[in-house]
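As structure tokens, one chain now follows by itself in the form predicted on its own.
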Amino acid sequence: MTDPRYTPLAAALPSTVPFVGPETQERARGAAFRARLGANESLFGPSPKAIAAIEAAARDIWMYGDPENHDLRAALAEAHGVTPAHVVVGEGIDGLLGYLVRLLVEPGDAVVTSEGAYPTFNFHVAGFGGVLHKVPYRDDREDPSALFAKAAETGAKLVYLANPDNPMGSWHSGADIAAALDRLPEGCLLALDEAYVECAPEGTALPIDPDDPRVIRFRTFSKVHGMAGARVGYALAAPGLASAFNKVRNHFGMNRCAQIGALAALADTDWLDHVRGEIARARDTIAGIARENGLTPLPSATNFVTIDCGSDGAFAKAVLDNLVAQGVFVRMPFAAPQNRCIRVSCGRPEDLAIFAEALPQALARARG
């Protein structure tokens, strides 16, 4: 008996995943979490209209979803003032990032990101043999100028930037990113992850001509729309790039019920406004809990708050481990010096009350 004949690239990859899910952690600890505050899901849930639409569509789940995502692309185009030819729909931003890397990156190609930025992008780049070049955060924010300079230095095909940022919650104005684009080298594409932009202050979204070939913008229904489990993401790009996705994407990858639910969610602007209000209140609550315990909450334009634990990565990891031991699921940044922090998702009052109860004990144990 012989093993499958893996490609040399696949055989050389480590057996790792970008994130260990809360379900995996629950199985390991033999108990469910009391408060699920680590994955930046929307604990406020999806639009009731989206739930009703998904329930009504369930009886037709025997049919494949529309492989063209026609209705959803048309609605998204109208919402963003573009044409359907500018819109790509896929299995969350994660799935779309994978397709983008597949389109652009061959073994040995240079790709630029920030040290400690969203790791799933790195996972895809490594999976296609790209070579990652990283720049540090500056003042807990990704640094567009440094990213674009590194791209010029390395001849990179692709640069990844999240605005607002995960895991720090920081952000740049869209106008500042637009100005920095003048330094993006010729032939390099900016993958701009705007997953949290609906949570951010006015002016955070990038103002750009939809036909500009230098940028592809990613959005999701996983955050403020509360549909993380449905896996619905989309990208806005010049038509030539958008159509190129059809060469490599899974044309039947979109769940039929998810397509219909996303349409209903997009139309329910009242629910979107409600969730934004809940996020703002939760950010204030988390910041208050941090301050009550002598910690420093960082400004956030997302549906989470990153909390500076005031020491190093080892101390923050001890705080996190002690929270997990008490049934509170949170996460932390991966890279120094940002790993001095923990990251807490916005939640309902009852979820944050559990966090408030557990944090003092977690700190005491970490210090003891």
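Start at 1 and count along the sequence shown; that's the residue number. Not measured: the values here are computed from a predicted model.
Below: the form predicted in complex with a further copy of the same chain, not depicted.
Engineer: So a further copy of the same chain isn't shown here. In the predicted complex, which residue out of I61, A335, A325, A32 has a non-hydrogen atom within 4.5 Å of it?
Structural biologist: Of the listed residues, the single hit is I61.
Engineer: Which one of G187, G277, G108, G81 is close to a further copy of the same chain in the predicted complex, taking close to mean a heavy atom within 4.5 Å?
Structural biologist: It is G187.
Engineer: Whether A11, D94 and N250 jointly form a contact site for a further copy of the same chain in the predicted complex is the question; each needs a heavy atom within 4.5 Å.
Structural biologist: Yes, the whole candidate spot contacts a further copy of the same chain.
Engineer: Quick one: is G65 in contact with a further copy of the same chain in the predicted complex, heavy atoms, 4.5 Å cut-off?
Structural biologist: Close contact exists here: in the predicted complex, G65 approaches a further copy of the same chain to within 4.5 Å, heavy atoms only.
Engineer: Are any of the heavy atoms in H70 no more than 4.5 Å from a heavy atom of a further copy of the same chain in the predicted complex?
Structural biologist: Heavy-atom contact with a further copy of the same chain at 4.5 Å: present for H70.
Engineer: So, in the predicted complex, is V89 in contact with a further copy of the same chain at a 4.5 angstroms heavy atom limit?
Structural biologist: No - in the predicted complex, heavy atoms of V89 and a further copy of the same chain never come within 4.5 Å of each other.
Engineer: Contact between A301 and a further copy of the same chain in the predicted complex at 4.5 Å, heavy atoms?
Structural biologist: Contact with a further copy of the same chain, no.
Engineer: Please determine, with the chain shown alone, which of 277-285, 81-89, 151-159, 173-181 has non-hydrogen atoms within 4.5 Å of a further copy of the same chain in the predicted complex.
Structural biologist: Result of the contact check: 151-159.
Engineer: Can you tell me which residues in 24-50 come within 4.5 angstroms of a further copy of the same chain in the predicted complex, by heavy atoms?
Structural biologist: Result: T24, R27, R36, A39, E41, S42, L43, G45, P46.
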